[in-house]
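A single chain, nothing else alongside it, follows as structure tokens in the form predicted on its own.
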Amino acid sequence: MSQKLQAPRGTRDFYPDEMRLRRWLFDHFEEVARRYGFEQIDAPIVEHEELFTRKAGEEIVEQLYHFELHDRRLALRPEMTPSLARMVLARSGSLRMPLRWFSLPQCWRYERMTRGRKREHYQWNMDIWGEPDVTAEAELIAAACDLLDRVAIPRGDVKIRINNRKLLEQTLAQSVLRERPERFAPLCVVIDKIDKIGPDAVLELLTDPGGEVALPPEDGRFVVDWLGLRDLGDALSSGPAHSSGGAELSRLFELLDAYGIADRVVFDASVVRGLAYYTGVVFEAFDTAGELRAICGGGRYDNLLETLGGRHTPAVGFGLGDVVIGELLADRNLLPDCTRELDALVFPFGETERRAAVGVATALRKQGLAVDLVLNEARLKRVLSDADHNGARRVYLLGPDELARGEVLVRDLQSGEQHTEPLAEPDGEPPHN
């Protein structure tokens, strides 16, 4: 097949069977959001490029699908959060905080593809604006766990790893970054790669004399060793006394216990998230088998609105992509058999019966039923086979004899029983469903 007749590499076509699966998953996203009191929003898929290029040094800047049109630099959105911040800023004087918003955007990144990573994906985003306390983080993490339960992923198959950038920054500020605090942001970009390239490679990048961080070897080793901590008590003891980041983590874990999900969350000092706008608690969900990339990720980004010229506004959110969770569900044979939903098929035997068949189909559709009207001349055997294949519950058969009697033959494909119904009830009502 010619390349131009194929979807661009890293993108997907959604045929009806894939669309039914996507709709099933999106319905779960929307239902969890509804139960947590969130409202849905959306934004243009094309934004001004500048919205995403302010954070220099991040991989996402190099992965933009960008172009110039009529002297404007535009880009396909690689993530939803900057668009969300722009929307909040545009109505900052009239919005009643806190906001609970969710979205299902299609996002684009020109990146190296691996299992669970494509160049376009849909992402379930949930964000809370205007709440500075970690009660917001707890609510979001609980919602993510509810989604995993709804799609029947076994409880022990996914863990949510949690850290706090404040604790990391406060720990390093009293030691290796005491004289160079400006290097914290590029340091986070480097250490976010630890799962991809390993601690030795991260150490090499941190201590590269020509790099943005350029730590002495002993300081680089301290950072890598700290990233290996998996006990919150150990992290707190190695950090400054009365760390606000540590206090937030302690309170968050207490709240998650109240939600009944303490067994699903763990402290992990290596989680920092690669985006520069994160300011506090950060978290990522991973399959415990370690076979896939992060299932979801998020955190607090209290300063983002200020970078756009707005007032300081606390905010926290997460994104969960459809590709990775689809892989996880497929691995565990948890994807449902989403058959086509069709209530009825109406079959006129010939053109003489077509007008009456249109009336039958129209009456059934007015009742809210999904109805397929056969549009051409076909054999009855083929029509019945198609109806069964498409999951139709009933077939309405209209031949010369039925038309002469003013009725339609109705066959129930599940029971095999059949009966006749008048083409129109005496009072003008449509046929029974």
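These figures come from a predicted structure and were not determined experimentally. From 1 onward, residues are counted along the sequence shown.
We do not show the form predicted together with another copy of the chain, though everything after this point is about it.
> Out of 181-189, 240-248, 168-176, 86-94, where are the residues with a heavy atom within 4.5 Å of another copy of the chain in the predicted complex?
Correct option: 86-94.
> With a 4.5 Å heavy atom cut-off, would you call W101 a contact of another copy of the chain in the predicted complex?
Yes - in the predicted complex, heavy atoms of W101 and another copy of the chain come within 4.5 Å of each other.
> Spell out, yes or no, whether the shortest heavy atom distance between E18 and another copy of the chain in the predicted complex is within 4.5 Å.
Judged by the heavy-atom cut-off of 4.5 Å, E18 is in contact with another copy of the chain in the predicted complex.
> Does any part of R340 reach within 4.5 Å of another copy of the chain in the predicted complex? Heavy atoms only, please.
It does: once another copy of the chain is placed as it appears in the predicted complex, R340 has a heavy atom within 4.5 Å of it.
> I'd like to check something about R12: if you look in the predicted complex, is any of its heavy atoms closer than or equal to 4.5 Å to a heavy atom of another copy of the chain?
R12 belongs to the contact set for another copy of the chain.
> By the heavy atom within 4.5 Å rule, which residue out of D157, D257, D234, E212 makes contact with another copy of the chain in the predicted complex?
Of D157, D257, D234, E212, the residue with a heavy atom within 4.5 Å of another copy of the chain in the predicted complex is D257.
> With another copy of the chain left out of view, choose which of A289, I197, A330, V358 has a non-hydrogen atom within 4.5 angstroms of it in the predicted complex.
The residue in contact is V358.
> Check H28, E407 and L413: does every one of them have a heavy atom within 4.5 Å of another copy of the chain in the predicted complex?
Contact check failed for every one of H28, E407 and L413.
> Using a 4.5 Å heavy atom cutoff, which residues in 357-389 contact another copy of the chain in the predicted complex? It's fine if the answer is none.
Read in sequence order, the residues that approach another copy of the chain (within 4.5 Å, in the predicted complex) are V358, T362, R365, K366, G368, L369, A370, V371, D372, L373, L375, N376, R382, S385, D386, H389.
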